[in-house]
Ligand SMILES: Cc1cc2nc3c(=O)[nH]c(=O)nc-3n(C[C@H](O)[C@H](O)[C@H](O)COP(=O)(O)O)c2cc1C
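The chain below stands alone, shown as structure tokens; this is the form predicted alone.
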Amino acid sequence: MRIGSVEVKTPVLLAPMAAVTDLPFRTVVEEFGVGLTITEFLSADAIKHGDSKTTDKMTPSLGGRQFGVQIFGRTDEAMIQAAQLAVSIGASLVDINMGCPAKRVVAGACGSALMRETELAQHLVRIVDEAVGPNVAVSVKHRAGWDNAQINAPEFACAMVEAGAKLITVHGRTRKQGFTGKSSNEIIRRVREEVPSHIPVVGNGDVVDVSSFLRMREETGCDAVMIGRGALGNPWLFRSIKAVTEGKPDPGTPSVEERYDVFKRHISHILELKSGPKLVHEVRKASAWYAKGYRGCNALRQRVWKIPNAEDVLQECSDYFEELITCRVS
């Protein structure tokens, strides 16, 4: 798949998720073969005002890997400044969020609220496209519509392409649905049919395994799939998708030993790349993701949430995984 001058070899992207897709998370997923990762979604206004908590999240991928940055906002100066900052750190793609359903984002008339202001949305795409220059692609991520009475994804996507977007990502839920109910592959299919064929369309929503990945591609004709919540503690999903799309056997789910090894690698990235008072919280989150589904995972989560420092959380999780391995072997 090509996005302007950007080549994505594996047709699966990591969705931008607030407080999730930080550099350690993206690095682990990249190691397992994802086609492209995108940063957490970042407020253009916060960037404009020099908010260090926001600008610190705009991080380039390690090892020269290509990556995207997602921004949201509705004012010219803020969006231009955020886009140019993304380019300055080496982003290959600047994605404009027009799909976030969060109340605090919609209250500022950003995110999915922009689907009700097509002319303004087009204007934002045009100014960002001009700001990033010809070597960086601009994309738009949006939803099926505002609610069931206002399903406008196909025409909205076409309007964004007309304004200069080189990629469209569609989440098959409405803003009113949030993350409840089911994502509609039918809406994604309609967008793919309406958007010019040279512009890639990416489907998003409810893909959690290889079968749902294949089903979305078959039912929608989308060029690639974006995965969000299905990737939590599950980088192996990208390994499986990469293998299947290359015509190779699915490596399948990891052993507890492999899960433990990748957990430790993820934690090492966190300890190396992050700092500050929230460090222990990041380690706690990772422990919950990787232990999910194993015996005693809920009790582990309750224990680590009471531990005040990252090193002791890591020790508690190490003891937990080593006990699982010992019990399995014996």
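Start at 1 and count along the sequence shown; that's the residue number. On a predicted model such as this, the values are computed, not experimentally measured, just so you know.
Absent from the display: the form predicted in complex with the ligand. The rest refers to it.
Quiz item: Quick check: do 70, 141 and 179 each get a heavy atom within 4.5 Å of the ligand in the predicted complex?
Solution: Every listed residue reaches the ligand in the predicted complex, so yes.
Practice problem: Choose one stretch from 83 to 91, 113 to 121, 225 to 233, 191 to 199: the one whose residues place a heavy atom within 4.5 angstroms of the ligand in the predicted complex. | Solution: Only one stretch passes the 4.5 Å heavy-atom test: 225 to 233.
Exercise. Decide whether residue 23 counts as a contact residue for the ligand in the predicted complex under a heavy atom distance cut-off of 4.5 Å.
Key: Residue-level check for residue 23: no, no contact with the ligand.
Quiz prompt | Close approach of residue 206 to the ligand in the predicted complex, 4.5 Å, heavy atom | solution = Residue 206: contacts the ligand in the predicted complex.
Quiz item: So in the predicted complex, does any heavy atom of residue 97 sit within 4.5 Å of the ligand?
Solution: Yes.
Quiz item: Heavy atom to heavy atom, is residue 30 within 4.5 Å of the ligand in the predicted complex?
Solution: The answer is no: residue 30 has no heavy atom within 4.5 Å of the ligand.
Exercise. Taking only heavy atoms into account, state which residues of 16 to 41 are within 4.5 Å of the ligand in the predicted complex, ordered by sequence.
Key: Heavy-atom contacts within 4.5 Å come from 16, 17, 18, 20, 40, 41.
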